[in-house]
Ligand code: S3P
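Below sits a lone chain in structure tokens, taken as the form predicted alone.
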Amino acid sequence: MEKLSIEPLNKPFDIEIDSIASDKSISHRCAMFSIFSDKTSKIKNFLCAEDTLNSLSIVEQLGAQVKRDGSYIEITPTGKISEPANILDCGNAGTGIRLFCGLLSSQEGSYILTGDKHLKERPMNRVAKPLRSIGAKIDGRENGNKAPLAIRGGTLDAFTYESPIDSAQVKSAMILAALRSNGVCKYKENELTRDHTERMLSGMGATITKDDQGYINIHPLTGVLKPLEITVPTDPSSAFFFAVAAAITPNSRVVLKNVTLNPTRIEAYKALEKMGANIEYVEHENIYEPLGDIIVSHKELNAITVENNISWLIDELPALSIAMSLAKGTSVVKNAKELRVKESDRISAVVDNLALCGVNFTEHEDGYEIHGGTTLNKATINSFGDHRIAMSFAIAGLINGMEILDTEYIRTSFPNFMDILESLRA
């Protein structure tokens, strides 16, 4: 088990960062969606981390040819998915295994998806159940709730589905299944979740529209899609750790370069802005995704209630909670039960570790209250194998230091996180 020791940051910083990891969600989708074409997709700035490279390896095992030159990737599919001879390993990637469930459930053949010890304990019924309800054949441990998952793919019937949970992974899995169905499919969510899947597939030529009743209408493919030609933007979720670092460090400023400014991805920045941080958004281009810079400067923070658009900032809530701990007043997080089924139970992981740092809290089933305005004491905290918990408390360690256990998964998600963190001291 790896351990990190974070020393306090005793001076302000003013830094421009252009080496933050590429967006993981978009990189996963670039690998997967390329196989819906029969021409070469060209992807610049692909995230070369373990999770996304596993997705790339799976695409190869499904028959595509992959050429790599650093972060530049070319993927040449055959136009038809091949049945793999081996088990498909998604590593630690919940996005990978859940989206591949949808993609493969409507492709003829037999497939087995697995992952590391942490992924094998994560619930899969949130995707498997809606897919089974439309005819997908998916089985696994605990009645299909745990990996390894066995999929017998085939053409699915057209469906109308209203999701009881707002999840971009569930939505994406259902959209991917719908592309090979036998009729127009309809999917509805209560709150708009990350829409990379709709944006990217539409850009490739898929017919995906939204009607007056709020349903997403997915038309089955009649042929192949256009290949991707895309530069993967910086991951705003990864960049957000350093936004928080600037917001909690007096007289500090950071420029986060080439970030996606997709409204469904920058809600955490909007929350930090409402707390008092100075934040500026500078758009440079808008093809598949709006792209630009985010500039964050320190200012005294005040408490906030976060209860709307939760799916837009679910991954950033652990880091936002560090800012809440130092803000004046009591901050409240509601409607965030989804946090309990991420890489860890992030509600318990956040508040229990904050308690070790001397922060008072009240835990609820769907969130928590953080009584802020105090400092964050040095402590030894457990990441529970969750990279976002580890990195959030690494940022907290800039105040008075921190010891963090079980940190090897930082490399999986964000390979140069520690290098950038240390650059703040330069």
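All figures in this text were calculated on a predicted structure; none of them were measured in a lab. A residue's number is simply how far along the shown sequence it sits, counting from 1.
The form predicted in complex with ligand S3P is left out here; the points below concern that form.
*asked:* Tell me which stretch of 159-167, 214-222, 108-116, 251-259 has a heavy atom within 4.5 angstroms of ligand S3P in the model of the complex.
replied: Stretch with heavy atoms near the partner: 159-167.
*Does any heavy atom of R180 come within 4.5 Å of a heavy atom of ligand S3P in the model of the complex?*
R180: no, not in contact with ligand S3P in the model of the complex.
_Heavy atom of R126 within 4.5 Å of ligand S3P in the model of the complex_ = Heavy-atom contact with ligand S3P at 4.5 Å: present for R126.
_Heavy atom of M204 within 4.5 Å of ligand S3P in the model of the complex_ = Judged by the heavy-atom cut-off of 4.5 Å, M204 is well away from ligand S3P in the model of the complex.
*Answer for I314 alone: is it within 4.5 Å of ligand S3P in the model of the complex, judged on heavy atom distances?*
Answer yes; at least one heavy atom of I314 falls within 4.5 Å of ligand S3P in the model of the complex.
*Which listed residue (N92, T231, T264, T95) meets the criterion of a heavy atom within 4.5 Å of ligand S3P in the model of the complex?*
Contact check passes for T95.
_Just to be sure I understand the contacts: of H298, K186, R199, R194, which is the one whose heavy atoms reach within 4.5 angstroms of ligand S3P in the model of the complex?_
Selected option: R194.
*Can you tell me which residues in 26-43 come within 4.5 angstroms of ligand S3P in the model of the complex, by heavy atoms?*
The one in contact is R29.
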